[in-house]
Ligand SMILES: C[S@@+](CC[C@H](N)C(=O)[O-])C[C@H]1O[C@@H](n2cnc3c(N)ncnc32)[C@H](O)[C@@H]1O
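Here's a solo chain for you in structure tokens, the form predicted on its own.
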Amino acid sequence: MPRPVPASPTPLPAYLRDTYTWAYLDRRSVRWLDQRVVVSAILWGNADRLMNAAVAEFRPGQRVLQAAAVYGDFSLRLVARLGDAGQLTVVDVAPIQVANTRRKLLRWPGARVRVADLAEPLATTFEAVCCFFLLHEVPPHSRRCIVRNLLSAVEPGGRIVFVDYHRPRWWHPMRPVMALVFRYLEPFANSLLAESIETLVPESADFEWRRETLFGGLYQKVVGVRR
């Protein structure tokens, strides 16, 4: 008789199980969605541009937290940017995503991947934090908890980088399509579009912020530097 698979010590959030099992918890989906060509298609050909824009904010030798696993080669780009003297820590609440990211980073001794819920306070601080397309996938209350914890994890003088969706310009040809995507596939995205990442929580006041939008406003990069 086969042994039951042990439960993860970190429970999966209900919103993840109920909304995103198909995308992040199914082994068949993980294999398919993790392909570079699929990631590029999902981001309308902007994957390289967005990943490079995020990675360019970090310096070789830094200790960096990556908030949640990312499909494609984003983690490889980031750890390569940090170099042999740097250290990348990737935290995700889903064991299947942690295992997949560990596989990709196997050849990088300065990379660590672990299971944890970012909605809970982190026990470690970092020189920099990167949050790439996570916030639109969590409900507002969890989003605020995550942002608060990520900001608290940034050391004085350090920076945090968010890359995510943004409300596109009124003339954007993809606006009707994205409205359908947000309605049926990304049900928490509209609540993010209605807010500014840099003002989500009071702790944001401890940072100096700058923001830029890309691809007709469909995407945003928000960078905060802790005073």
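Not measured: the values here are computed from a predicted model. Note that residue numbering begins at 1 and tracks the sequence as displayed.
The following text describes the form predicted in complex with this ligand, which does not appear among the structures shown.
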Considering this ligand in the predicted complex, find the one stretch among 129 to 137, 105 to 113, 78 to 86, 152 to 160 with heavy atoms no farther than 4.5 Å from it.
129 to 137
With a cut-off of 4.5 Å between heavy atoms, is Leu16 one of the residues that contacts this ligand in the predicted complex?
yes
Given that this ligand is not shown alongside this chain, does Ile197 nevertheless sit within 4.5 Å of it in the predicted complex, heavy atom to heavy atom?
no
Is Gln97 close enough to touch this ligand in the predicted complex, meaning at least one heavy atom pair within 4.5 Å?
yes
Does this ligand come within 4.5 Å of any heavy atom of Ala54 in the predicted complex?
no
Let me know which residues along 92 to 123 have a heavy atom within 4.5 Å of this ligand in the predicted complex, or say none if there are none.
Asp92, Val93, Ala94, Gln97, Ala116, Asp117, Leu118, Ala119
